[in-house]
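First, one chain by itself in structure tokens, the form predicted on its own.
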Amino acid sequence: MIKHWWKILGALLVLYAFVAGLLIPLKPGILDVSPEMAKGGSKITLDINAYNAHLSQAKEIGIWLKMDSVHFVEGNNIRILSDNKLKTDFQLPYWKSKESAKEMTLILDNEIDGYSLLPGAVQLTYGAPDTSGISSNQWLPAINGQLHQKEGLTFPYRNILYETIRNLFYHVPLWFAMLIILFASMIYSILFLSKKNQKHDHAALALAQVGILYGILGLVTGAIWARWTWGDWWSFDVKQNMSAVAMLIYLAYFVLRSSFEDYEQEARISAVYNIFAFATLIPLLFVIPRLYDSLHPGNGGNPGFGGEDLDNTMRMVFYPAIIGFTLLGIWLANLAYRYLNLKERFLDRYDN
């Protein structure tokens, strides 16, 4: 049992990632507001749709529109329609700029759900009297009182992502584990070329098999995520395309191995190919997607997950998931490696 501790750890971490990743609730958030445009100096009624909230149970509800760190306006006459719906009125200050609308962030706060933000919720457009500038007496310099914090474990709520943010615990760790496993496969190919040990070739093949399995699962989970966030299973985004090309290159590795009758030739040429296949992953996955427009986080100028997107609660699941999938992949590769060794022994006995 002690000998196989890493296998048990890998299985437990993957199980933990699935259980915690699916059961920990999302923090309440704001889905949308209506209307999204408003004229400076006017009175508007905002219809606010929240998510996973408890508005009808809250005793203290605060609502603000924030222009910047020192300009706030507070909502009044709040009408609760349900746990996730309310109406509130705003008397908006004047805004003199005719050049562009000014984005305002909506802040919703109560003692049960904590506070939620919706950046760019309302676009404040030109609407100024004869006086110039912003009438400062119509703005609050800060929020009255402290915002509440949501108690208990929750994952951050992010617009567009919603519940699909949980895929971060499966899609991304699969790719991390794939890269680690394929790197190990390349190392064994180098060892085979230098030492000509058949076991090194078997190890490289077994690791490549698991690596490509993880890569395909990464493409599938990515397509599912894209369907719910980008609107289509496959939008031919540069990151999707380059990832698919990388998997095709590795699939060709297995086609190449089956193209030779002589094992020594097969192992030697396949080892060289495996080294160059891993080398192509760097430009395909990390360089080219950054040079073109991309919807994928971390590419094409888009920010990657970080800061509040990947908060401490998510890190509690995300990092163990990477370790778990990596250890599970090594376990699967170990089983494939043992099978290849047994198959070779059987063939040797059969030939003799």
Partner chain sequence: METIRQIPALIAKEFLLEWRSKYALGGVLLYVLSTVFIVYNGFIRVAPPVWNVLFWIMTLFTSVNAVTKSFSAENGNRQLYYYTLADPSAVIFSKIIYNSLLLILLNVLTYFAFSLVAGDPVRDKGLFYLAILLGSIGMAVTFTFISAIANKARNSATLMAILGFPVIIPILVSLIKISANALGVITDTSVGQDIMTLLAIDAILLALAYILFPFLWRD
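Worth saying up front: this structure is predicted, and the values here are computed from it rather than measured. Numbering follows the first chain given and starts at 1.
Same protein, other form: the form predicted together with its partner chain, not shown, and the subject of what follows.
Look at 79 to 87, 115 to 123, 249 to 257, 100 to 108: in the predicted bound form, residues with non-hydrogen atoms within 4.5 angstroms of its partner chain sit in 249 to 257.
Comment: its partner chain is not present in this chain, but in the predicted bound form one of His202, His71, Arg268, Lys150 has a heavy atom within 4.5 Å of it, namely Arg268. For the candidate set Ile63, Leu26, Leu31, Ile288, a heavy atom within 4.5 Å of its partner chain in the predicted bound form is found for exactly one residue, namely Ile288. Interface membership of Leu284, defined by any non-hydrogen atom within 4.5 Å of its partner chain in the predicted bound form, is confirmed. Although the partner is absent from this view, Thr280 contacts its partner chain in the predicted bound form, with a non-hydrogen atom inside 4.5 angstroms. The shortest heavy atom separation between Tyr319 and its partner chain in the predicted bound form exceeds 4.5 Å. Looking at Ile143, you'd find every heavy atom of it more than 4.5 angstroms from its partner chain in the predicted bound form.
Site residues Val272, Phe276 and Tyr292 are all in contact with its partner chain in the predicted bound form, judged by any heavy atom within 4.5 Å. In the predicted bound form, not one residue of 4 to 20 has a heavy atom within 4.5 Å of its partner chain.
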